[in-house]
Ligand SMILES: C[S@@+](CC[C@H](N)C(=O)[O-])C[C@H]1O[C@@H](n2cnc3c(N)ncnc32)[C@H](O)[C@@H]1O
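One chain is shown next in structure tokens, namely the form predicted alone.
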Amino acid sequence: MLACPNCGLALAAADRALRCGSGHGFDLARQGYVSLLTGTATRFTGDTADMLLARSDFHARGHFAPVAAAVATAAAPPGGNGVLLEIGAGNGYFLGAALDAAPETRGIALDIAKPAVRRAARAHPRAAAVLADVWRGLPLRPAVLDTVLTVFAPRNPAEVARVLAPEGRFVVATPTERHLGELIGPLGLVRVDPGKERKLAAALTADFSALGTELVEYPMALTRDDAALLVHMGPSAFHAGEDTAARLAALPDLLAVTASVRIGTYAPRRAA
């Protein structure tokens, strides 16, 4: 499925490396991932090791399990087998849930951050991990994937359409304005753009047709420690200030917080 990021030829495994017919080679890291990030340094840094640790701890507590289950159902390839790519896979939590629900499916976790692909490489025995920048192009051959998934992550619609098979599906999970709403003010979390859904539709319309959406919304019972993990596992971690500890300390011991995620499924327009 993978393609050389330099010339586009198919890659093949050889001596703990991937090589193409033109002689370009990419070593497999000892942590189990392969870097297909080439050229000058990217301006995107991705998640830090501390963010990935906080996210893994939060996921282990099961608060996002209903979201993971809904994502797994939406991302299941037709016929129960195929190949699923998650862009911005992070620690591989959602990809792992999707692969658990589809025993004949293989997965690729793609992320721009080394701490992420190091964790994603261990997320599931049927998943490979690839370091790459989606905005530079996906290092995959055309029309080889059955499903592409993004959960709270960047998208490159034209590239996704290129690598999807004609009957493939693009599954996009995004937070609504209500997601974590009870914590936004007290903790100064990054707010969801009110126009996010409209902007997403506009970004996808040239390459995809919408097949349907599902709203997954439910209350979570979170401790103060859970709330701290939420602060440090996402984009709000980059904006946390000196008052963050005081804000957390002011929260009640247990609080009800809304999880609200919209999952959209799309088909490439050439197959719509």
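Computed from a prediction, not measured in an experiment: that's the story for all the values here. All residue numbers are counted from 1 along the displayed sequence.
Separately, the form predicted together with the ligand exists; it is not shown, and the next lines address it.
Contact check for Ala89: a heavy atom falls within 4.5 Å of the ligand in the predicted complex. In the predicted complex, the ligand sits within 4.5 Å of a heavy atom belonging to Ala153. For the chain shown alone, Val144 is not a contact residue for the ligand in the predicted complex, no non-hydrogen atom being within 4.5 angstroms.
Under a 4.5 angstroms non-hydrogen atom cutoff, the ligand in the predicted complex has Leu110 among its neighbouring residues. With respect to the ligand in the predicted complex, the three residues Tyr33, Ala72 and Arg122 uniformly fall beyond 4.5 angstroms at the level of their nearest heavy atom. This chain is displayed without the ligand, yet in the predicted complex the stretch 131-139 from 195-203, 131-139, 174-182, 160-168 comes within 4.5 Å of it by heavy atoms.
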